[in-house]
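Only one chain is included here, represented as C-alpha cells and corresponding to the form predicted alone.
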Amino acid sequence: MLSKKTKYGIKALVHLARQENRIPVQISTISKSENISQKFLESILLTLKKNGVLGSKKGKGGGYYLLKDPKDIPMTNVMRLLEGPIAMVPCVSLNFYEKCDDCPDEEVCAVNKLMLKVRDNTLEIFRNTTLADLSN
C-alpha cells in the first residue's frame, strides 16, 4: 500500500505544480487545501527540498515552490524519495538489491519471477508519468 507520506507528498506537489509562475505557497495553504496535517506536511516538504525537488522562500510572500518544470519531474523520482524502493521485494530492486535470505536460487524462484513483472510494469507507469501529467 502507498504510505500516507507519499500520498500527501504527491497531493502537495500537484498543488504546487498548479501555481502560476512557480509562486511560493505557504504550508498552511497547502495543508488546508489538501486536508493534510500541517506538521506532517512540513516534514514531507522538507524531504523534497533536501532532495532538490522544492525550493523555499522565507518571509512575506514566502513558502515552497517547485525547482523544476512539472514535466521534468518523473514519478519514479518522487516515489523513490518518499516511498523508497519501487520493487516489492529486495531481490528484484534495481537500486536497493538484496538477496532474499530464504531463497536458494533466484533463477527458479516463482516469487522473483512474479515480482520482476510487477516491478517492470510499475516502473513503466512511473517513468512515463510526470508531475505535469497529474496536474493537468
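Since the model is a prediction, treat every value here as computed from it, not as a measurement. So that there is no doubt, residue numbering starts at 1 and follows the sequence shown.
The next section is about a form of this same protein that is not shown, the form predicted in complex with the DNA.
Asks: Within 4.5 Å, heavy atoms only: does N95 come near the DNA in the predicted complex?
Replies: No.
Asks: Going by a heavy atom distance of 4.5 Å, is L16 a contact of the DNA in the predicted complex?
Replies: No.
Asks: Is E106 near the DNA? Define near as a heavy atom within 4.5 Å, in the predicted complex.
Replies: No - in the predicted complex, heavy atoms of E106 and the DNA never come within 4.5 Å of each other.
Asks: Q26 near the DNA in the predicted complex, any heavy atom under 4.5 Å?
Replies: Because a heavy atom of Q26 falls inside 4.5 Å of the DNA in the predicted complex, the answer is yes.
Asks: Scan V111, L46, M88, C100 and let me know which has any heavy atom within 4.5 Å of the DNA in the predicted complex.
Replies: Answer to the contact question: L46.
Asks: Between 41 to 58 and the DNA in the predicted complex, list the residues on our side with a heavy atom within 4.5 Å.
Replies: In sequence order, E42, L46, K49, K50, S56, K57, K58 come within 4.5 Å of the partner.
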